[in-house]
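In structure tokens, the next block holds one chain alone, the form predicted alone.
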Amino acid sequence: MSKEKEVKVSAEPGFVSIREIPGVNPAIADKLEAAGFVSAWMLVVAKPEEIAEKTGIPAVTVQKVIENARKLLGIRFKTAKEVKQERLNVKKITTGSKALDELLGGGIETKTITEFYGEFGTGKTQICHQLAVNVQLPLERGGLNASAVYLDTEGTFRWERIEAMARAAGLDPETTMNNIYYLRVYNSDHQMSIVDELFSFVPRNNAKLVIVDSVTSHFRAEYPGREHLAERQQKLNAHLHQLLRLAEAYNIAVVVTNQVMARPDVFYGDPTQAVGGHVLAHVPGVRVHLKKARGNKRIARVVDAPHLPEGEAVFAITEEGIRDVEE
């Protein structure tokens, strides 16, 4: 009996071609690649029946390929000590504000989804622009020496802000913009198909940050009314889990923004709540509520994060980007 191929997974997972999976011959590889399954991670996060349907490969063969891909990627039971070691490998991206970084436990974490939600003008998109610049900074300055992917569902991306923020950070504006992979997203199906493609795009382009601004707008527009609520929530849930798997697979940060809606039944306190209901409440690892304050000041409050205490921070939106409030 031949010894099965064993591969030690590095702390920084990268692109693993399907052709590296034991048992995948050229004919199977050609069918998988033609259907868009180009990496081992894309196989292990897809449903076997979906792969079989798209490729015409027998379900039994698909199941065996998936099992071999899991072994190749080291997806197995782990000890608590190994989990601790993985958590120590989590990286952070600075927001540009020390106060906001401190609130978030050091910055935006990799291997998780961070959600910023709030009313129009609270700074959600400004934070996204700043993070797309800051991820390119060297490690000692709070970056990851990496590129960013920016999925824009509402047409709010502005290259002018990227240019200004890059200059303020001491980065070359042209190089900075070349390291941000932008895509205008036109509907929810487009949004989900793009994330599927990111499983091969992200490791090939050294992307360590994926931004979706905003994650709910197309779902909200395409599935209006209570009669479509269940379908919308199921699809949104699938999309968020797509993003979470992407974050965990490649140790990258995923940042999503979200809209708010009014709650007519609330008479005291904040009458707004994030769109998406329980689905958005459970999937993101860190949820941050943004509110306007006087002038260019904004208030960020951690609403939910298993490893962070609830708290607030005040930051400012300046011409240079996200900064601490000047005393």
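Counting begins at 1, following the sequence as shown. Quick caveat: nothing in here was measured; it's all calculated off a predicted structure.
This protein has a second form, the form predicted together with a small molecule, left out of what is shown; the following refers to that one.
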property	result
Listed residue (Ser147, Ser217, Thr125, Thr110) with a non-hydrogen atom within 4.5 angstroms of the small molecule in the model of the complex	Thr125
Position in contact with the small molecule when the complex is considered in the model of the complex, options Lys92, Arg245, Arg161, His239, heavy atoms within 4.5 Å	Arg161
Contact segment among 77 to 85, 228 to 236, 153 to 161, 183 to 191, judged by heavy atoms lying within 4.5 Å of the small molecule in the model of the complex	153 to 161
Residue contact check: Gln259 to the small molecule in the model of the complex, 4.5 Å heavy atom	yes
4.5 angstroms heavy atom contact with the small molecule in the model of the complex for Gly105	no
Exercise: Glu197 in contact with the small molecule in the model of the complex, heavy atom 4.5 Å	no
Pro173, heavy atom within 4.5 angstroms of the small molecule in the model of the complex	no
